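Given next are two forms of a protein chain, the same chain in both, each as structure tokens and marked structure 1 or structure 2.
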Structure 1
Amino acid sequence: MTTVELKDVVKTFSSPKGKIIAVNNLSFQAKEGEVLGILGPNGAGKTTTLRMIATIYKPDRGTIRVEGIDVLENPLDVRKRIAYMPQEPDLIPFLSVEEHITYYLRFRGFSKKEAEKRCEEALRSFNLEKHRSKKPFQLSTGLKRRVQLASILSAEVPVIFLDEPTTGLDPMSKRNTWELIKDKIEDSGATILLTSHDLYEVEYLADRVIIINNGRLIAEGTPRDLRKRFGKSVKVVFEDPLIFDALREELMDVDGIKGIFQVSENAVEIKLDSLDRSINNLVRILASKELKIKDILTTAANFEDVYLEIIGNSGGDI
């Protein structure tokens, strides 16, 4: 079942330099229980997209539905179904950890008694008991994030938005936050939309990924799919030193070859359209040129390579 659906969504902002198109005809879906990672460089439109789904911004055009409810027609009903964790840990300086969680729940319609009960459970579950009376200035960024996650989870909503949940955290806190998200939130069965700059984070947490650049969707799939579709390259090692420019000239027009780079005096890295089809083509051509091949190695692209290639192909600045 589709939980979040965007169709041809456009959002522009006015600036002194004119109109800025933040989101440009964006369409995608997130299914029930799925963790959807939203990747993209700075200014790609990730946060604007989340804010529109979370009813903070109104889209200029297009439709956004959460569990079938239109965000423009019935924002209050949408808000009953969502929880949003903003990029910055937005805790009010005068409220304690306990008060933050309790107010969050009371705003969600829980009675004072029920809110306090759930707050106790959340403090226990998120290991925040000894910090319950502390004010935000007494907490590290990692602990502030934990308070936000505890609030969101204790509300038990079907759709959760996490906007760069580990920004500003040290590696250890980052890892702890990932584990919290994995253990606590994924188990809740909620649909999660997660934006991030951290490719490892998205690969670790997300079932599926969409990549946005300049407000447009440029790629979509599971991290594994994307790795298969993009970033296919082979390293060819020759027995003798080669004349690189001549080889490049020979290969550049061959169908299925997207790029060729010299890596040493007798080795080149060749980017291919498709590993299966193009590699046969490549071997056939190299053999016909009477070049003696010592070795052919397929290089396992990591998700970062894939991401850089996709963004690069879309003409974006990273």
Structure 2
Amino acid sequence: MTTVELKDVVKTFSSPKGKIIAVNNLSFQAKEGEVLGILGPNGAGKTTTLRMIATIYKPDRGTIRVEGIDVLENPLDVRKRIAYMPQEPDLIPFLSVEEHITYYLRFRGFSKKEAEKRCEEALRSFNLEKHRSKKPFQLSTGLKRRVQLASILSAEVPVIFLDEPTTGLDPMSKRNTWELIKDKIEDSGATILLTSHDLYEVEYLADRVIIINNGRLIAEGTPRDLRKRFGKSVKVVFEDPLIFDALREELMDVDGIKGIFQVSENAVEIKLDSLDRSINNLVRILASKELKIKDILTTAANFEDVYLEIIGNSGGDI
């Protein structure tokens, strides 16, 4: 079942230099129970897109639906179905951890009894019991983020926005937060829209990823699929040192070769369109040049390499 759907959405803003197109005919879907990672460089249109889904901004054109409800026609009904975790911890200064979670749940419409019950469950699930009486100034950044997550995920809404959920956390706290998010998501069945500049975080948490640049969708798929499509490269090791510039000039004219980089005096890394077709062309060309090949190794691109390549190919700033 599709929980969030955007179709041909456009959003512009006025500026002293004229109209700025922040979102340009953007279409995508997020399914029930799915964690959808939304990636892109600064200024790509990610935040504008999330704010339109959350009914903060109105799209100029196109349609946005949350659980089938149009955000323009019934914004209040949409707001009942979403929860948003901002980048910066925004806990109420004079409320304790326990009071904050209970207050949030009461604000979401739960009865006092149900809010208190859910609060106790959240304190246990997120290992916050010993911090229940502390005020925000007594909490580390990691604990503040955990209180935010405990509040939002306890409300059991269909759609949750997580905007940079582990910003400012140390590696151990970050990993613990990932595990908490993953466990609660699996239990709740909510649709999660995740934005993050931490590509390892996105790869770990997201079922599927969309990449936006200049307001347009430029790639989508699972992290694994994107690595297969965009992360094709081989390392070629030669018997003898090579003249790199001459080899590079020769190989860049070969069909299927997207880039070549020297990694040592006798080895190069070559980015390819297709491992099967392009490797055959590559070996044929190298053999014709009487270059003695010692070894050919396929290299597994990490998700960060793939992301940078996609953005670079789209003409975006990295």
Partner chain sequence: MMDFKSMLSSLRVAISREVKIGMDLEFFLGTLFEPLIYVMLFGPLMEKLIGNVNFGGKEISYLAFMFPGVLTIIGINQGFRGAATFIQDKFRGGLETLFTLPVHRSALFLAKILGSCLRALIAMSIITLLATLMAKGLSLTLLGTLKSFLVNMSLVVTLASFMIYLLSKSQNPNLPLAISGILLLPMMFLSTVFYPESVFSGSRLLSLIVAVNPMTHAARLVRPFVYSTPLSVSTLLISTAYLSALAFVSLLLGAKEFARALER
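Keep in mind the model is a prediction, meaning the values are calculated, not measured. Whichever C-alpha set is largest while still superposing within 1.5 Å between the two forms counts as the rigid core. Please note that residue numbering is based on structure 1, beginning with 1 at the start of its sequence.
Each of the two structures shows the same chain on its own, and it is structure 2 that derives from the form predicted alone.
For Glu32, the Cα coordinates differ by under 2 angstroms between the two structures after the core has been superposed. Core-aligned CA deviation for Arg61 between the two structures: 2 Å or greater. If you overlay the core, the Cα of Ser15 moves by 4.9 Å between the two structures. For Gly45, the Cα deviation between the two structures after core superposition amounts to 2.5 Å.
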